[in-house]
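Quick setup: one chain, the form predicted on its own, written in structure tokens, and binding and motion questions come after.
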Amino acid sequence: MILKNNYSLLNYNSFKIDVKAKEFVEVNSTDELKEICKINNRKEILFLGGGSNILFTKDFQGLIIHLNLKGKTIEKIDSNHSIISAYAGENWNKFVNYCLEKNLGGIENLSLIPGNVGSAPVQNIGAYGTELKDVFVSCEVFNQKDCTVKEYNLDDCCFDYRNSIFKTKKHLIIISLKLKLTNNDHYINSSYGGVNDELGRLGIKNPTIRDVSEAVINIRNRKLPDPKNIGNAGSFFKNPIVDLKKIEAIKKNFIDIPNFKVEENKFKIPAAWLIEKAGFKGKNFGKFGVHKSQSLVLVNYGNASGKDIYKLSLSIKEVVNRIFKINLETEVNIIL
């Protein structure tokens, strides 16, 4: 391990915000992680993986620990299922592709989600009708407070919509992940978000897990900007979940409000629709703005500060709340 001072984080956050960490270190094993945390247990510490879900609004005056733990293993448990384990530093989309190469199904709908494996349980990542919890078995968790490692099962993680125990208990750091995937025949989930339409455009009638992955990638590429070209962190806001009374109130002025029932008297409203109706879709403020094709995505067109993006997010929340009486929650971790 090499401790670096006044270290640029430009290449460690997908928003491409040019800030610095007072101290920075990359760890490549659990032993290194334990060592650095014991040495620096009184300092402000921030753990950083792929940097795809974070917005820095200023320099970080503590220690950044970049988790670079790598490795994957597969254990066949029966003729239909295998357990695959992966360390936190593995790139998520490359991990999905690896599973597809091994003909392991269950996460093909989560193709092209940015970030690393270690951040997947924090958000309970989800897309196109699939969530991580659907295939989750357990994860190894490092407790920053006492430098111990413990295994957390599905119930321990308290998964919810884009939420988990790791969102609030930030001293719990995921170092590896186990998923239960299918070996061969697999129920194809293609009914959500236009996946079937895309499969139709590709001329595919009996899709495989690879076909579903390709369809999802095509849709995401059309809707979302590549962070390599335009700084962004994907969806900045969660889709709000409201009751029927709220839906009926909004319908008085917006009869066409899209909504999806998620449970009894609970309905999900696309945040992108709310933001578009609030007049922000495609709004350009020079160095930053809202993406022209997907209003959930705030973008850094070049040399914007984190404060610029943050102030824009506050403006969006204020206008949406004024029009719809809905408080948008952020998906992105904002470092103030």
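Keep in mind the model is a prediction, meaning the values are calculated, not measured. Start at 1 with the first residue shown and count on from there.
Only in words, not in the display: the form predicted together with a small molecule, which the text now covers.
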Task: Full three-residue contact with the small molecule in the model of the complex, heavy atom 4.5 Å, for 43, 142 and 169 - done: no
Open item on the list: Among the candidate stretches 223-231, 85-93, 151-159, 202-210, which one is within 4.5 Å of the small molecule in the model of the complex when only heavy atoms are counted?
Closed with: 223-231
Open item on the list: Although the partner isn't part of this model, could you tell me whether residue 115 comes within 4.5 Å of the small molecule in the model of the complex, counting any heavy atom of the residue?
Closed with: no
- [ ] Could you confirm whether residue 276 comes within 4.5 Å of the small molecule in the model of the complex, counting heavy atoms only?
- [x] yes
Open item on the list: At 4.5 Å between heavy atoms, is residue 106 in contact with the small molecule in the model of the complex?
Closed with: no
TODO: Answer with yes or no whether residue 178 is in contact with the small molecule in the model of the complex, where contact means some heavy atom within 4.5 Å.
DONE: no
Open item on the list: Please tell me which of 138, 190, 235, 218 lies within 4.5 Å of the small molecule in the model of the complex, judged by heavy atoms.
Closed with: 235
